[in-house]
Structures are given as structure tokens and as C-alpha cells.
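Encoded as C-alpha cells, the following chain is the form predicted on its own, with no partner shown.
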Amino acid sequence: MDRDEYLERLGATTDESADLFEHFEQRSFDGRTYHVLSDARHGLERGTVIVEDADAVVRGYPSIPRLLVLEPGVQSFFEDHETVVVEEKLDGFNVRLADIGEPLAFTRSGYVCPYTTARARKLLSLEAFFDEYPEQVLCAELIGPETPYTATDYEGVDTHDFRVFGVRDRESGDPLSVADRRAICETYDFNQPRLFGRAPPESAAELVRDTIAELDAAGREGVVMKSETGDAMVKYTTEAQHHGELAYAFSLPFDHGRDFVFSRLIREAFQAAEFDEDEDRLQARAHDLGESILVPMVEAIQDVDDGETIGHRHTVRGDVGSIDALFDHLHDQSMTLEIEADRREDGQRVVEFVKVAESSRDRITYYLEGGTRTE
């Protein structure tokens, strides 16, 4: 690989190729070798990929900052002349779909996911899209109750589906405008996140607040605010999402770090300070927050005490080859899996399995057996 050539193409902030490429990892998929930037470095996003045999670069997806306070946060983040577009933020599995001689689904960290690749090829008109836009990347969320990563119920999604939330240049990472992306996705019948409206920065916070109230009542995640050009993005999430993520973390209390928990508490505190206008509402929020922390942790302890497996439960369906490739992929990442059901439905293989939370299971067992904790 000509590292100096790729350094120039990537536009990294270092002039020394060795400084950049020492952070790339070599990986393979289906006999093909590719190189992945495992962490953001020198102005490049985590998950940036080089596929040398195709002479292709796939830029990583940029990290989206988060607002903790809508007023004056929205006006501070966006320029006065910009239009703010408000779209739903979906709770799913984020991938980039790129044509590297064949369509592949790259995860945020740069792995090729064989299962998501197979499902995208089946469910989306990728061949037609890439025939017309070979140098573009589809940024999409795999959503639904049956995925191997994030399982969430969405109306109208019985098993799983994709939502395309961005179209970007494969090598530069430059986005299409929101209007152009939405028009192109409609042409190819790609489903997209809900659009809640457009507003100037001075009134966008009110639009977001109304939208958040609607999404919170439905137990949804939140919104992404974007400039019409797609260059500027910031996210904001619901109370329901904060509580749901805390309940998820405390259901496996020794598998999620303090940073994960503290960040959710910070989001909740700033939202409460801005939204909760009376003491009764604040007390109700505090009660719900406490339940999301204590109840799932107690249930996890009881489950371990009863000899039950704790972990992340998933259901997946697809052809035999894609399911086998998925489990090979998960085993390669050193995951401990427990198959709970394996059956055939309508010509597809359906597997229910658990990603065993070994750390929480073992630590809870240790304490239940009389182990001590140093604090």
C-alpha cells in the first residue's frame, strides 16, 4: 500500500504517513483484506476504511455532539442564516453501505458485518443506487425487534428494516443536503427517519421541544438537528431514552462503565432543569429514574441467584448462510453466546440467543457466595 498516496487522499492533519498508519488495523472479510482506523486520529473519523484491492477509501461517520440545553443551545450551535432540519434519531445499528466491487456494510468501528450486509442486499435496491452513485455511501440504521445488535420495536417493522439518514461522498465524507438526500432516497424507495420540520435557529428550539414531548410519550429516542446542507449536526434525546439506557446498564451492572451511567444522568439532570417547571413533575421524574436504576439491578441479582443466564437477548432471521456468517463474526469478537432457540419459519432460519454478560454474572455470583467488595 502506498501510504503517502493514501495520506494525501485522506487529508489527515499529519504530514508523516507513519504517524497515521500505526493506528490502522488489518482485517479481513470473505477473503478480502482491508485496513481500519480503530480510533479517531489526525482529523480522521473512527472506522475510516482503506480497501486496497479496490483502491477505495470509505470515510468513517462523524461523531455527533449533543446538546444538554435547548435554549440557548440551538442558536449557539447553528449560524443565524442556516435552516435547522429536525429528524428523528433512531435506536438501531449504525452502518455505512458502500460499493467496493460489491456492496458491504461497515460498522461504526469499521468491521464488515456479514449479517447486515446480507440483509441490506436483500432489502434495499443497492445495485440500482450504486449504478448511478458509485462514489457515494448510504448511512443507515438497522432497526427493529429482530437484529443482532440493538432490538427496538418500531411501528410497521415486524422483524427489521433500514432507515437511510445520510448520503455522503465515500472518500471525502462530504454529505448531500437534506433535501437532496431525501429526494434520492424517495427515488430508490429507501425508508428514512421521520422529518418533523424546518425552522430558523431562533425558533428551532420550540420545534424540538414539541417534538421531544411527542417522542417521549411514545418511548422514542430523540432527534438529530441538521443544517440544510448536512454539514452541521447535533442531537438531543428524550427522558424515556435516558431511563431506558440506565435500566439497560443496571440490568448488567458490572458490564457498563461509570462513564456510560454518568453521561445519562447528566443528560437527565440538564433536561429536568430546563423542562420540569414544578416540584411535582421533578419528583415524578426522580421516582422513574430511581426505578430504572434499582429495579433492573435487583432483577439481575435474582436471576443469577436462580441460575438464569443474564445478558443481551436477540432474535435474528435470514438465510442459513448469513446466520452462520453472523455467528462466526460474533465469535471472532470473543463473545460468549448461548443459543436459546433455533428454528425454521417460512424458509428462513430464526435464532434466539443471548450475548452472555460474563462480567456481571461472575461478579454477582461472587457476592452472592459471600465475597467482599473493597471501596
Ligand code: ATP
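These figures come from a predicted structure and were not determined experimentally. Numbers for residues come from their place in the sequence shown, where the first is 1.
In what follows, reference is made to the form predicted together with ligand ATP, a form of this protein that is not presented.
Proximity to ligand ATP in the model of the complex holds for none of Leu68, Ala272 and Glu274, with the criterion being a heavy atom within 4.5 Å. Across the options 88-96, 197-205, 128-136, 284-292, residues that bring heavy atoms within 4.5 Å of ligand ATP in the model of the complex belong to 88-96. Distance criterion of 4.5 Å from any heavy atom to ligand ATP in the model of the complex singles out Pro193 from the list Pro193, Gly230, Pro114, Gly173. The contact residue chosen from Val224, Ala247, Val261, Ala118 relative to ligand ATP in the model of the complex is Val224, the criterion being a non-hydrogen atom within 4.5 angstroms. In the model of the complex, ligand ATP sits within 4.5 Å of a heavy atom of Ile64.
Shown alone here, Phe165 lies within 4.5 Å of ligand ATP in the model of the complex, counting heavy atoms only. Residue contact check for Glu239: none of its heavy atoms lie within 4.5 Å of ligand ATP in the model of the complex. Using a 4.5 angstroms limit between non-hydrogen atoms, Glu268 is distant from ligand ATP in the model of the complex. Residues of 5-22 placing a heavy atom within 4.5 Å of ligand ATP in the model of the complex: none.
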